[in-house]
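Next up: just one chain, as structure tokens, the form predicted on its own.
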């Protein structure tokens, strides 16, 4: 990892404070990203009971797997959410130093929560989210300015693949804490979409193509949405969320793991 290539000075901090995001170019270790890609491939082979899948055929198998067996694909997806390399990667000292400057806290006084490895399929919006704030989903910080989200693409993300779309400066609205809307499809993501009335003053949509080694940091209150993936590949990304635990708005608590297996989940959590 070479975060020294990015000079986090007052100019960067001011830009992040005013715009609500910061793009990082060519700073993350590609070898680790390729290792995470290989974990996805190994897991895929295991769940499909195949001895070998060529790397260039991984996305074809992912698409067919998700289409033919939603339940088993969900188990495969859930298995990727707690990979140890992801935690190791996102808790690197250089990353913590960078985030600590942006949210103004000592790097040993932050929490890292809700790591996720996203797999966004092409031409399928079942798990895509509309305009929303992460602060509505992840409540460790009641004020979004005291937390940050780090997005790291696991492959080159072109406009055709639907990169993250953000409304610049929209973090100035503060935390709206939108309630979850009821869903009937158990394979769809819960929605906390923001009413259009809040968006009238924020029309400028920013989206960036990102290469392997790039990243994006956003304020927890920044309004954003999933881009439309019109490619033939899954859009894969690693995400971590950081919070200042020394602020009065910090909500302490354990990360309670919810198991995919409902019977096991009931045994553990009641």
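Numbering follows the first chain given and starts at 1. Keep in mind the model is a prediction, meaning the values are calculated, not measured.
The following text describes the form predicted in complex with a small molecule, which does not appear among the structures shown.
K.L.:
Looking at the small molecule in the predicted complex, do all three of 176, 193 and 202 come within 4.5 Å of it through at least one heavy atom?
P.N.:
No.
K.L.:
Looking in the predicted complex, any heavy atom of residue 224 within 4.5 Å of the small molecule?
P.N.:
Yes.
K.L.:
Residue 237 near the small molecule in the predicted complex, any heavy atom under 4.5 Å?
P.N.:
Flag for residue 237 set to yes.
K.L.:
Answer with yes or no whether residue 96 is in contact with the small molecule in the predicted complex, where contact means some heavy atom within 4.5 Å.
P.N.:
No, residue 96 sits far enough from the small molecule in the predicted complex that none of its heavy atoms falls within 4.5 Å.
K.L.:
How about residue 110: is it within 4.5 Å of the small molecule in the predicted complex, going by heavy atoms?
P.N.:
Looking in the predicted complex, residue contacts with the small molecule do not include residue 110, since no heavy atom lies within 4.5 Å.
K.L.:
Where does the small molecule sit in the predicted complex: which of 115-123, 88-96, 194-202, 75-83, heavy atoms within 4.5 Å?
P.N.:
Comparing against the small molecule in the predicted complex, the contact stretch is 115-123.
K.L.:
Just to be sure I understand the contacts: of 132, 139, 172, 101, which is the one whose heavy atoms reach within 4.5 angstroms of the small molecule in the predicted complex?
P.N.:
Contact residue from the list: 132.
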